[in-house]
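Let's start with one chain on its own, the form predicted alone, as structure tokens.
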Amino acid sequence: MATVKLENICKIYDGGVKAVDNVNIDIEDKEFVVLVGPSGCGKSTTLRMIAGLEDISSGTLTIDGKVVNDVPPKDRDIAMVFQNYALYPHMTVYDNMAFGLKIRKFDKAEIDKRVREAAKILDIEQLLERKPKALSGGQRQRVAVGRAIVRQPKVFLFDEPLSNLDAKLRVQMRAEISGLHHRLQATMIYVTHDQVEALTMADKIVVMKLGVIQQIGGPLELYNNPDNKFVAGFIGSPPMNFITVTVKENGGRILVDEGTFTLYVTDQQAAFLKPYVGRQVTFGIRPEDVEFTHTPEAGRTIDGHVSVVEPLGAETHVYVATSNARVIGKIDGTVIPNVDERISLIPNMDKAKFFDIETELAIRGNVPNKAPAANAKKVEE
């Protein structure tokens, strides 16, 4: 397999619209890297530049140590799986999978060997004589992946391959692609807007916004230590709660004041929040990091009225409205509060995050003074 390196990669369309802005990513051999972000963030454009389907405006792209900026797609030794499967409707599954090898003049025996091996890996041996119209969405996706596998490329590229599948099938295919990566020990680059896919599949996640990389790291690193408010809000489901609070000092202790409730911070947080005393910051807490209680306690609980209840079996999502904010709590499924009931949530302050109001950078012991560049114009991917 191969390494992939993007150095200062930019994509500028006509009119000066910058879709990808100075992207730098190092992808190791056999690594599963996921590019994730909302629509228009530049992730698919980045993938298409790696594939050679989009020209690179500036920067250097290397695959296995070779600069490939001007190398045609067919000579990059990559295989791409598209969102819409891109199967030939008049061909059988066997012929769809064999087509790329046929045009590369592989002999029939080698083609048959590769197609049947890939079909066995994907459990579609019984479908080889069918045509795409006789297949389900999940089966078509397997065929599209099989067509990539038979190529035995240096790098596999996946462009939102599961977005057309229903929820149950997405979960199944997610596990199958992860298993495929383990079996093939291949270098894979995967694009999605679904942060759950990113968290469950990736060795390394690249979070993008408006063409700019916001953070690169492992799933737990991004979940536990987001660099900025965007990453904190994008990674995790339901998303992190954000509340504007004022940092105050009371008797030598640091607390944050929302207006209707106050919370004392930990000693470690107090050390880096002290420069913010008298100023507003954004307080972030994940729904899974709060507990339910009927007993309000000054300095410890978020108090309000229940506005929405979502029973989900093993857990309940409860929306609590204060005078100035709405907080989502993920609580035990056996607890189902009533709408309009007054309750309190106890945030685990060890898990709390704080962000500078102006820069939106995480506050971690220093006062940030520069926000990440994220002013590229939004474009459709």
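In case it trips you up, residue 1 is the first one in the sequence shown, and so on. Here the structure is a predicted model, which means the values were calculated and not measured.
As for the form predicted together with ligand ADP, it is not shown, yet the points below apply to it.
**Q** Could you check the pocket for me: superposition on the site C-alphas, ligand ADP placed as it sits in the model of the complex, then open or blocked, blocked being at least 3 ligand atoms within 2.4 Å of backbone or C-beta atoms?
**A** After superposition, ligand ADP runs into the main chain and C-betas, so blocked.
**Q** Does Val17 reach ligand ADP in the model of the complex if we count a contact as any heavy atom within 4.5 Å?
**A** Yes, Val17 sits close enough to ligand ADP in the model of the complex that at least one of its heavy atoms falls within 4.5 Å.
**Q** Even though ligand ADP is not shown here, does Gly40 get within 4.5 Å of it in the model of the complex, heavy atoms only?
**A** Gly40: contacts ligand ADP in the model of the complex.
**Q** Tell me the stretch among 322-330, 339-347, 308-316, 42-50 that has any heavy atom within 4.5 angstroms of ligand ADP in the model of the complex.
**A** Of the options, only 42-50 has residues within 4.5 Å of the partner.
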